[in-house]
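We begin with a single chain expressed as structure tokens, specifically the form predicted alone.
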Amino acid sequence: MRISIIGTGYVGLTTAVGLASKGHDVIGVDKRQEQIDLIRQGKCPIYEKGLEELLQKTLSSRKFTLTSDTSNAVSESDISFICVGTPQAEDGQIDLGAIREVAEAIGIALRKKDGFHAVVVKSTVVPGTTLDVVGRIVEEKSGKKAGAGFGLAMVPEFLREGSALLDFLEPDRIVVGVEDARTEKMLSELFRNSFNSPVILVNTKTAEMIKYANNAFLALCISFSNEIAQVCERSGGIDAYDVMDAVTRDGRITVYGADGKKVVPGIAKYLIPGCGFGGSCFPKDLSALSHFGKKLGIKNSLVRESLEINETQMRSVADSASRILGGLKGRAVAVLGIAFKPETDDVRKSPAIPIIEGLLKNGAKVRAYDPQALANIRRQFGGSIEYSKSASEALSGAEMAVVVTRWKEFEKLAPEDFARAMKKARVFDCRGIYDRHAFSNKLEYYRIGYREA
């Protein structure tokens, strides 16, 4: 099929490259000429495993081309996917500015185009946006009626940063929200011929809600684990990691494999204590869902509490470090891990940011290291912190190491590595990476969810 992808950010570029690799003719659209120029050179503007290599292949095969002309892209394609950002506005609600702008551009293009064209929203939007915002704008600008002159659909993305390309190429399910039979047929053909995954057909409002429910559930699991961790830590003598490990082995959570043995499911990864969730999705999506529910007269207390627990968890790290050291003024602290999760360079809403802010506020001298995200965090902190080229450089002479992101590189660090480099070997493990017993015998080891009785 001929497909235009409007927006070449995280979701748009992954979608474009993924569909092009499946043999479709894809046009990527972005109003930022510098973004287009970079991608045309085969350079990926984001770090995502395998994406740059596949980008180069699809560019070479001419299955993926780029333009800044939305009208031309729409005229040359059968389906347009809207993949622009929906950031959090100052009041916590969803900002639909980019969505409205693209809907207008598509509508103007469709006024000049003959034949049926499907408009698919892939950006995360609150229920009703596809119909009441995108649909109405396209109708107004095109002079055509949704369902007759053009199709309208909502296909949410479920991409995990760090494994986005794999998630796109091998999805566990594809949710398709449609309002008319012709669009349903087009999208069913597209996805069923390109992917070996179940296609869930619903209406557009249901598809929009599925995305929010999915993210809210995962975030709630994380916040639940962190509230349990707070109770364990304050009680003393209780290890929250042992608690949650036992909980995930409950027969209603674990599953049995073909060999009859219990297999811990993927949800268990979200039932582990840590320093909080971040990234471009969970924080803004929970905030948008909370405001959406409030408009409907629903309190959404669970969603709001999840956000509050998350903020408390992130900001508690600096306070704990200060308590352990007896004050942070003038103390050198190494922060290992800046990206909000491993295998990405994304620092949006990363727990590392409030952690570093708290350390600086208490007078610490912060040295930061991350395998991929240093350039991005430099824009945030400038010269107020030091930037190290390696973990050992960050640890050199430090009095505490705060391990924030679970990079494999950090998992390989042994107690001796910390002891050899640091002025005083103290490790604050925010992700439960290390064996508490192995580490505590050789240096001072602290982690979220545990305090000696």
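We number the residues from 1 along the sequence you see. Here the structure is a predicted model, which means the values were calculated and not measured.
Just so you know, the form predicted together with a small molecule exists too; it's not on screen, but the next bit is about it.
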(message) Can you tell me if Phe195 lies within 4.5 angstroms of the small molecule in the model of the complex, counting non-hydrogen atoms only?
(response) no
(message) Quick check on Lys341: any heavy atom within 4.5 Å of the small molecule in the model of the complex?
(response) yes
(request) Please run the contact check for Asp370 against the small molecule in the model of the complex: heavy atoms, 4.5 angstroms, yes or no? (result) no
(message) Contact with the small molecule in the model of the complex for His117, defined as at least one heavy atom pair within 4.5 Å: yes or no?
(response) no
(message) in the model of the complex, does each of Arg2, Val74 and Phe150 have a heavy atom within 4.5 Å of the small molecule?
(response) no
(request) Work out which of Arg111, Lys361, Lys262, Lys269 lies within 4.5 Å of the small molecule in the model of the complex, going by heavy atoms. (result) Lys269
(request) Quick one: from Glu139, Glu233, Glu179, Glu161, grab the residue that has a heavy atom within 4.5 Å of the small molecule in the model of the complex. (result) Glu161
(message) Looking at 286-294, 378-386, 127-135, 208-216, which stretch has residues with any non-hydrogen atom within 4.5 Å of the small molecule in the model of the complex?
(response) 208-216
